[in-house]
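Just one chain follows, in the form predicted alone, and it is written as structure tokens.
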Amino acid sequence: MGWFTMVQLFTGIDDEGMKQLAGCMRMRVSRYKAGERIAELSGKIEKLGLFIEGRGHLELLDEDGVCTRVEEYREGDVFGELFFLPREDSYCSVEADEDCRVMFLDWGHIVRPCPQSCVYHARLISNLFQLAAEKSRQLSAYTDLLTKRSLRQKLLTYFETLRREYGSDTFLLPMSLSSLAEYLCVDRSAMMRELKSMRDDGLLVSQKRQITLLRRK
């Protein structure tokens, strides 16, 4: 079985199905170096990408020139306008955080009825709907995170999310501290001071990107 069996987008699709879809969807794979731009998102649905190797992120540049990291991507994650449709007054792009390999699927061939009426095409579309619903949930959670009134609430909410995701009180941040400040839309210096205050208050232990949340008695 191939690597794709571990990817949610291809759930229920076997080797034979991938061979058919490769031609049907005009799949292509491209490599990118760390720091390279992978894709720009437009105001209409045009592309669908999948990280095969490496990590990247989606950044939003608004009309005031403020840049915000909106999403983090790792192996198996998908991106495209279906999941994040930018406003007309903003600029969105997917950037490589490290050397990576990305697969692109032609959107026109995804939504166009398959000439062979294959079950794999229908399964892929079903998986896409489920992914879109999950992305909507994640963006809703991110919006809720940004509405927290204090910097400490933002940090604790984000760390609690990672604790549940990793299933452990100790976890590694998926981004640098500078990127975390950008993701939370806060000043990095203020965030570092708050992290120190949280350590002093016995809420957590931190060593660079490693965080351990301490259980409250």
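Every value quoted in this text rests on a predicted model; they were computed, and no experiment measured them. All residue numbers are counted from 1 along the displayed sequence. Between two forms, the rigid core is defined as the largest C-alpha subset superposing within 1.5 Å.
Missing here is the form predicted in complex with a further copy of the same chain; even so, the following discussion is about that form.
Student: Could you check which residue among Arg164, Arg31, Arg28, Arg37 gets a heavy atom within 4.5 Å of a further copy of the same chain in the predicted complex?
Tutor: Selected option: Arg164.
Student: Is there any non-hydrogen atom of Leu105 lying within 4.5 Å of a further copy of the same chain in the predicted complex?
Tutor: No.
Student: Can any non-hydrogen atom of Cys185 be found within 4.5 angstroms of a further copy of the same chain in the predicted complex?
Tutor: Cys185 belongs to the contact set for a further copy of the same chain.
Student: Taking heavy atoms only, is Glu98 within 4.5 angstroms of a further copy of the same chain in the predicted complex?
Tutor: Although a further copy of the same chain is absent here, Glu98 would stay clear of it in the predicted complex, with no heavy atoms inside 4.5 Å.
Student: Does Ile45 reach a further copy of the same chain in the predicted complex if we count a contact as any heavy atom within 4.5 Å?
Tutor: The answer is yes: Ile45 has a heavy atom within 4.5 Å of a further copy of the same chain.
Student: In the predicted complex, does each of Leu82, Leu128 and Glu134 have a heavy atom within 4.5 Å of a further copy of the same chain?
Tutor: Affirmative, all three are within 4.5 Å.
Student: Tyr32: after superposing the rigid core, is there a C-alpha shift of 2 Å or more between the shown form and the other one?
Tutor: Superposed on the core, Tyr32 moves its C-alpha less than 2 Å between the shown form and the other one.
Student: Relative to the superposed rigid core, does the CA atom of Thr157 travel 2 Å or more between the shown form and the other one?
Tutor: Yes, the C-alpha moves 2 Å or more.
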